[in-house]
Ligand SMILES: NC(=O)c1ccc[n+]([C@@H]2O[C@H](COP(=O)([O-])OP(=O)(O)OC[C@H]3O[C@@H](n4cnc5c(N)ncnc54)[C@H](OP(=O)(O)O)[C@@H]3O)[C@@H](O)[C@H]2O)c1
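Next up is one chain by itself, shown in structure tokens, the form predicted on its own.
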């Protein structure tokens, strides 16, 4: 892996894109280009101690073959148009939209959970999907519990900040009384479930490679600027005490366990790279049940950081093949 690799950020002026640029600068990358819509093209955006010229994200620009790896933080329709062009030009692509997440043959990756799957993309078209911002922290927590005791079923309620809906929604909350903010549920509906709930279930199953895992989800938006939280109820196949679950999670990568009187909150998670987990206790409504609560920064580990971690796996894989 080399920080000299040519990196392109598509959607650089959005909420996730700006965090991505900041993380890349922190990690020492300096051969970086910023791409966005025609509306933002020609402006300049902060990067490290300087700034970058924002280029228009056109098929011609992304298909020029002069970028090694693209990180896409744009909508699904834009990804479907632009990712194949960049891939055909030889670039590796990490896509944050839902365009490829549940399509057979495309890896859906959380590096701490199934990182080896990312390298499969190098044998195909070099496209890896970055999961939903609630799926990422959830699978980081579920994997060690499954490996130890086997998952029987999962129930989860998410409390998602407005930054998950983009920079415009953040601006709206910043200029309104949070107690009076209109929390638009900006999801579509698939029967009784929202598409967000259906994605959380399907993506978790794919990442954990548990296609029949019973998982029920309720997702809501809350008047919080940054940071998603999740209340999780897990039933396992073999007895597991809360203390044992806590020890497993203390040893899990990218997870930090908080003991009472401390507990996870969006404010505590904002700006952090770890998933904060607490209130680990027995679920008295289920046999072999564990209840817990988590919070994570949806713009960092829930999006930009996870994508960068995938990118680094790909770059390391290419270097190993050289």
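Positions refer to the first chain, counted from 1. Note that this is a predicted model, so its numbers are computed, not measured.
This protein has a second form, the form predicted together with the named molecule, left out of what is shown; the following refers to that one.
- Heavy atoms within 4.5 Å of the named molecule in the model of the complex are found in one stretch of 139-147, 237-245, 103-111, 72-80, which is 72-80.
- Checked against the named molecule in the model of the complex, the candidates 280, 269, 36, 67 yield a single residue with a heavy atom inside 4.5 Å, and that residue is 36.
- Taking 166, 115, 223, 214 one by one, only a single residue has any non-hydrogen atom within 4.5 Å of the named molecule in the model of the complex, and it is 166.
- Contact with the named molecule in the model of the complex, defined as a heavy atom within 4.5 Å, is made by none of 255, 295 and 309.
- Although the partner is absent here, residue 314 sits far enough away that none of its heavy atoms falls within 4.5 Å of the named molecule in the model of the complex.
- At a distance threshold of 4.5 angstroms between non-hydrogen atoms, residue 57 is in contact with the named molecule in the model of the complex.
- At the 4.5 Å threshold, heavy atoms of residue 97 reach the named molecule in the model of the complex.
- Proximity of residue 305 to the named molecule in the model of the complex falls outside the 4.5 Å heavy atom cutoff.
- Shown here without the named molecule, the chain has 11, 12, 13, 14, 15, 16, 17 in 8-28 lying with a heavy atom within 4.5 Å of that partner in the model of the complex.
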